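Following this are structure 1 and structure 2, which are two forms of one protein chain, each written alone as structure tokens.
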Structure 1
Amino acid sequence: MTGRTPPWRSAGVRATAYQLAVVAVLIGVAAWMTDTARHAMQERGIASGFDFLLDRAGFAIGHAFFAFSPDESYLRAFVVGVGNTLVVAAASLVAASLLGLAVGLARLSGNWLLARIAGLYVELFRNTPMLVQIVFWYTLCTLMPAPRQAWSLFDLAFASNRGLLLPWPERAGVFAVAGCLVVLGAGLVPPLYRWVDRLRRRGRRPRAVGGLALAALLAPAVLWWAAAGFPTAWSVPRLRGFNFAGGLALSPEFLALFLGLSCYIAAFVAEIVRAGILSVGRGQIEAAETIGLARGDLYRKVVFPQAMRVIVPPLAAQYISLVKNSSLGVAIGYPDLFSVTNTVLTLSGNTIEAIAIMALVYLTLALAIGFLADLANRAVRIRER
């Protein structure tokens, strides 16, 4: 006689039971915790909800790229914080990529001295905490001379304990858009080269390809600049009394965070670039040399596409880490999103709501970078034919 398996010994029933138990426990704990929190908030007289966002903030945000007065709302404070985070993250991202690329290539250079110095850079900056580096840069910034004894470069740029002052276009907006258009122009270059390759395969010999590429890169930006009426006026910083006026002022807090983020992430980017280039098989390069590919073509057509497949995923992780670690600005008083959130939750008492907003913004940024990295990954992956 074969007895039927009792339900408690069936794998399917057990799996469902385990999962239901986990869910029940989680819901129970969550309900109990929410109840506790509600009581605590009521006792302290804090109204929950997001209405506080429209209240008067009552605190000032100093050294910011965006103006903010204490009479404005908490919501606007968050916007300013996000703006400051984006500015420092974008600037550091570009700097870290360029510096990392340079250091990574230098480490691979045949020049022993250059390779050693690049190796030393990587070891020093990768093996120490970013926060210590940021605090150290900040200390150096504050040790600079006072504005009246500032270091100057041809009386155009000044470095003092108030930060760095640079000449800046009067109509910076025009140049910002032009910069975006250069990125757009960069998008035109690969199709141009593909077209040139097609012509060559048909036996034609197009000339001045480099010049054409440069034109494609710059044309949209130059056209825009011309449309705006060729603005050329520069605002140059001048010493007025005890401080500077005019130009672009970069506060010591911004500089320290910018240097800390860029130098630290650059060390990791350098290693990623190096690993990517080393991952390209020696045979690939030798084969390319054998068929007589020029140096530039060798890098453009053989090394770069294969290295990018190895470089893109870890690079995206480093970019996400850079954006998240810009929150360390709170340690030196740079008014980024984290530091604004910290002030808001202290003043308003709406701790949970403030942290929820901050978390949402950081998650969105991380997801956005992840999405862009996914697109880049798809562009560089192997296409099977």
Structure 2
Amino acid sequence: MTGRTPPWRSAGVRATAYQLAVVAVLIGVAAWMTDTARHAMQERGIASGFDFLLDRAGFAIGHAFFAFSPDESYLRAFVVGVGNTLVVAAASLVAASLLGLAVGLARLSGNWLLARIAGLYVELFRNTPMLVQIVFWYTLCTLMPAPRQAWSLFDLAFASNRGLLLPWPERAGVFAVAGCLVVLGAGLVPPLYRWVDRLRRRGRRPRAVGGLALAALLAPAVLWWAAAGFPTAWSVPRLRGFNFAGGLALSPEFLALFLGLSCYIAAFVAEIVRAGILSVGRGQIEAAETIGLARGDLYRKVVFPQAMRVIVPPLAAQYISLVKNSSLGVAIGYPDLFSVTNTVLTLSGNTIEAIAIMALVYLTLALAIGFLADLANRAVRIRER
């Protein structure tokens, strides 16, 4: 009778032991380096630790989408910096996606002039540095007329060297929640269309599909708006003295960074979209056209479901690049996370801790985008039987 094999002779046990040993060594090296750095900083009188986060900041943030005063803490300053980064990144991400989709489709257009203009856009914006583009847009923004000679759009929106002034709801929080509910409602539309497709395959012809989709999209937001009392008051910018008051003010720094990020990333998104569509076999498109599939259904049911498998991975990489490149706003004075971190580490002296916080935030944002992209990739991938 053969005896039992000792655990140390098992390949799996040995592999696990080796990995645990490597992890232990890495932890030990990291602890030693941290302790050495702490002692070196103490000998040189350099501040260390995260207690500084609760100290008074003592500086103002020029353009913030969130209220901040010099009497608040460094921690609050970091929060405002992260908020400014998220606002410009989210706005640029949406704009780059829509613009990139339009340019990518235009490059595939049968219209010679439209395709050439789209190709020129891609080559121009893709092959010039993003920082140069951001500075270019900032220069244009600062060369616009003064507030008293501002360009006006129906006396509702104004553009000047102080930025772009737009009408804005007085109860913006209600509309913000309604917008989030529209996004959630959009998640109900694909299951609705899949249900309609199943009915059609069974020989039934459901009516008012578009109306049902619109109701699924807007009903949650409308119900929330009704529960809030149907707020309709808007704050419209008006010239008061040498500047405008009221409405939503978008500074030249925000506009320049937004345009720079959007136009640059859109050029890459356009090429990704074009490559994804071209990856779909021409025979499948011709077959869909042969059976009389409408143009919209052709792209919704045949082209985009297959193209998304090619589009999602490189698109996620561009989104991550957009978030990280938002730090270039420091070149034009936009108070994003990078700019706020520079001010904090200069005033507090906690250089290592401030940089570590900034790096952790950017890492978290990148990992979050990667996680969402992985979910999207799993949803569109071909499932093996």
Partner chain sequence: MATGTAACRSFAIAGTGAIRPPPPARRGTLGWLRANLFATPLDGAVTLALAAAIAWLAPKALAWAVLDAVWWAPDGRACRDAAGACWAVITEKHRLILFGTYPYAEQWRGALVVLLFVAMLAASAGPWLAARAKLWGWAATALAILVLMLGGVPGLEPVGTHLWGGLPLTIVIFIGTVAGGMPLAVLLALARQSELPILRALAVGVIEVVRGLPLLAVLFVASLIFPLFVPVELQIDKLLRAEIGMIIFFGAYAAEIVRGGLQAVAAGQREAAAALGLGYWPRTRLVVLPQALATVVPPLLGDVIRAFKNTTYVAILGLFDVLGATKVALDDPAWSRHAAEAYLFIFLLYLVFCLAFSRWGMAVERRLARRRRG
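From a predicted model like this one, the values you see are computed outputs, not experimental measurements. Throughout, residue numbering runs from 1 along the sequence of structure 1. So that the term is clear: the rigid core is the largest set of C-alpha atoms that superpose within 1.5 Å between two forms.
The first of the two standalone chains is derived from the form predicted in complex with its partner chain. Core-superposed comparison between the two structures: CA of residue 70 displaced by less than 2 Å. Annotation: Cα of residue 364 displaced by less than 2 Å between the two structures, core superposition.
With the core held fixed between the two structures, residue 26 has its Cα displaced by at least 2 Å.
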